[in-house]
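Just so you know, structure 1 and structure 2 below are the same protein chain in two forms, each on its own as structure tokens.
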Structure 1
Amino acid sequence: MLELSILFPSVLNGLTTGAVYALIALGLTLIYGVLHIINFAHGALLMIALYGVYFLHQSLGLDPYASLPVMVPAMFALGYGLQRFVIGRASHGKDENILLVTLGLAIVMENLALYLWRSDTRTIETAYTFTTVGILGAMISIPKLAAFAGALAVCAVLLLLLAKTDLGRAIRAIAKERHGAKLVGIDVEHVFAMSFGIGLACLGAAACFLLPAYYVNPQVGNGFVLIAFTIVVLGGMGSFAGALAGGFIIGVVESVGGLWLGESLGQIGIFLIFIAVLLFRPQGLFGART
């Protein structure tokens, strides 16, 4: 049996990681909630964002957190352009085409990154990378605490945007009834592109919070997108509250599982939860029954 002195730091570590997982999953949830499609390019686009943060640091000396004002708008613009001029046009109104287009984009981006930057794993070292602080006897690294606070702040801004702004009301209207929203004058294609852009802006923020304590290579997005899909299913497809709760649950399960079974087997618990949710509550923890 694990002692509390070991278990408590593991749970704290899982919560800090889970906040970033939730931020990545929120972008995926937003895209699904409005466009009703699964974005298979989500992991590859996170990889692009991580490379963006890395090269901003290498070329301009920008701290990863200082890259936020650059990466968030840049990823938003990339997402808006991809949806408006590539995914939307190539889909011809068919959801199955969107799935194939996003899958194709993921393959192209990963192989292009492999060609340009090889398979080398790259990291960023900062003055605070290995600095820790004590919380109730547990030592937590500064980058993980910053990622936790930053991810929660971005999630709060996103939820406020959806709840309090005209764009947010348009997004919620289209998510509920696309044709009805179009009939009352909402520019559906523009809102689609805005939603995709906001989803990718979340990835830009997540990349800035991840890189001080993580790494980047062309395949780095694959692991994150599997976890993000699990969180979306666990919380309930299209549920923002579910994505937040699911992120924390998965982060803690991964951390405690790694402590119990070893780092290489720590993610077994994530996929056991995934299978259990599909078997016993397929609509997710916060999803409504259809």
Structure 2
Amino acid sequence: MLELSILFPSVLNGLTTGAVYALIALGLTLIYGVLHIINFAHGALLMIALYGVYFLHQSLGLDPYASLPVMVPAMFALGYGLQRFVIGRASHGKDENILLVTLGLAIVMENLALYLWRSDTRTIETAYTFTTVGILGAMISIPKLAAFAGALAVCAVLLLLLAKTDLGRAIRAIAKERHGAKLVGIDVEHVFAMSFGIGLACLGAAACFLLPAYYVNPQVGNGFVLIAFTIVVLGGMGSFAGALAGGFIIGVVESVGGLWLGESLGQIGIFLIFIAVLLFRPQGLFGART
């Protein structure tokens, strides 16, 4: 049968694509886990990060991977500022307000990008764009392999950060018991902003790994928002390992589903899984809390 011969390459491709999704979802899940907000601006922020990588490449000739040390802190700073001075202030502690603020921010960023950089789709050409590596007969491109490694590394760093640092302990404390954390003297506002910043730093990394194989335009982020939500839910809101595994699962489901059902209908598998997890295991496949 036709499908069997390409099943393995398809699964492998799904895993590497899923790694990119996981990178985007890691930031989202941290923000959700700590701040309990659904960040609708996540896609737009990814877009901003992609433009950052693009312009570093165009003006300074910086390789996308070499942009990591610039993009990660830059996005962190942006995130810290956004949460501290915009989202936190506007939210007044109400879910609907946070929704509106992040939505408003997304509209602002998308159209600011349209105004500043026009709607042109931009791509970069690197020496390794078309280079592939054969893995048991499957051809995997270098940018996808890099993204795979990147997702594992970012996830490991995040887990270490959470487990071993004071900030990590504060974040965990706030995620579990907000008022208690406040009582023991944790600066909640600061930790919120740090979490948001770290969440966006993940996006900065994601952008560096994504651009060599993809493109950027003002709408590019929209294509990743839903999939990132799905992964966050699947993995359990707030769980890094869950987001990583969720990314891989969704990548493979999308890939194999597309193979059997056609690329358009194949997307349905993702959302059916999403619904099933929400209904039957809302804490996610890997979430601990109920």
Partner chain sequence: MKDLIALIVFGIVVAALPLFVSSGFVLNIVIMTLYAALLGQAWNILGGFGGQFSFGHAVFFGTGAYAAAVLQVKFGWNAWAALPAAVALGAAVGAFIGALSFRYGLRGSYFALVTLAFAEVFRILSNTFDFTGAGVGLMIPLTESAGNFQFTSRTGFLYVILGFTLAACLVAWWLKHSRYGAWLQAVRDNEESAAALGVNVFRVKLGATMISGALMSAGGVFYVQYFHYIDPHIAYGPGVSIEALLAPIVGGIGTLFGPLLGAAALHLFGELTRSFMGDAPGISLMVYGLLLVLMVTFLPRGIMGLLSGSPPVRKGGSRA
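Between two forms, the rigid core is defined as the largest C-alpha subset superposing within 1.5 Å. Computed from a predicted model, the values in this text were never measured in an experiment. For residue numbers, the reference is structure 1: its sequence is counted from 1.
Form assignment for the chain places structure 2 as the one matching the criterion, namely the form predicted in complex with its partner chain. Once both forms are fitted on their core, the CA shift for V11 between structures 1 and 2 remains under 2 Å. On rigid-core superposition between structures 1 and 2, the C-alpha of L279 is found to move 4.0 angstrom.
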